[in-house]
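For reference, the chain that follows is the form predicted alone, supplied as structure tokens.
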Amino acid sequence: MSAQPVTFPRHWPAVGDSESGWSVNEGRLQLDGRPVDDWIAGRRTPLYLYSRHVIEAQVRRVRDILPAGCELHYALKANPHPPLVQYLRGLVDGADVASAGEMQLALAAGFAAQHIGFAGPGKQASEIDQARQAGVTVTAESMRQIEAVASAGARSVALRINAGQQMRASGMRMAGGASAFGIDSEQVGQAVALAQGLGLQVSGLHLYAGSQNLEAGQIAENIRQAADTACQVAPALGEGSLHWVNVGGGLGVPYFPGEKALELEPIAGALQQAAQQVAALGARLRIELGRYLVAEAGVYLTRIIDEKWSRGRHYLILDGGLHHHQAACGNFGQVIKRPFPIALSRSSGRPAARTPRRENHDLVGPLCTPMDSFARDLELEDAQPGDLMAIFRSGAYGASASPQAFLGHEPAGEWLV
């Protein structure tokens, strides 16, 4: 039997393109033509498996739409697995971090200090001092942060601006209206005057409206407005002061039924226009992406360890759950709980049933909470204890965004292949 691309008829064909590497052969999941059981031989489950070539393919898609001179940065918050960060160092131009820990990780991976952006609304004085010592420019998000940067002895600062526009289709909105993120656009003049009065050069501007957006038109409009705002602010900074403008990212990944892959063409046009505007200011354009680069590259593998019937419902109990993958259990910002794309992989050495039956199952983890559930009424064929369940779109906001200490279970493994 020849291998077939992985599809999800109950959800949608999440992984079926030629670059994904995922396929199924005789009921067993394969990556690049090799059974997953072989890939993880000698390693325990639960396990996050990340594919280098899928990451590379995503970076290539983005590079294809970037105008000349536009920098591509990786946002470590999406996935800070050290081997993955080090691999991305060779594919992107810089890194965006939100803590001293992430900053040290980026530096250790080989990112140059001048190509690291340090954002975040609540930086400690010690973190700002570490950034100054490393040569990383801090992006201030309040007046007090500007003062803290100056107190640390830094010579330059970047400003994050909370512009007035709002990305309505974003999974998480981070600008428009009142926000903990950035300095309100109407206060930017005051912020620039404060920084300059303290002897700081304003060398960067950061505008980021929201994440997980699947509406290309909205993302394009946000980029255009970000570039316009930079053009309005730049004259007050002084000639030659501004080095870069970060227009954020927010490019979404489709997880659920009815969601379509993001169209990149409208975004390409907006980036081209923004790059020209920013270049006229003597600066370079930056775009920062996290989820879009790594989500599709990761799969979370968890094994069925038990099954039971309870009043007409069939439960498959897994060795992994909410504590490892909070997002896939619908507890990481989802308004409506929906399952990620899931596939069954029959365990190595187990023959297929002679008359396999398709049954509906509830997939639950090992924790003592009803929140520990990956799917309800999931239709699977011939699922048995010992088999693997593969949860796709798991390369972003997985292990590091989950309460792995909850109930004292061991953390999930991670492996870049």
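Note that residue numbering begins at 1 and tracks the sequence as displayed. These figures come from a predicted structure and were not determined experimentally.
Absent from the display: the form predicted together with a small molecule. The rest refers to it.
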property: The small molecule in the model of the complex: contacting segment from 299-307, 197-205, 73-81, 316-324, heavy atom within 4.5 Å; result: 73-81
property: Proximity of residue 289 to the small molecule in the model of the complex, heavy atoms at 4.5 Å; result: yes
property: Partner proximity in the model of the complex: residue 212 to the small molecule, non-hydrogen atom cutoff 4.5 Å; result: yes
property: Heavy atom distance at most 4.5 Å to the small molecule in the model of the complex, all of 22, 346 and 395; result: no
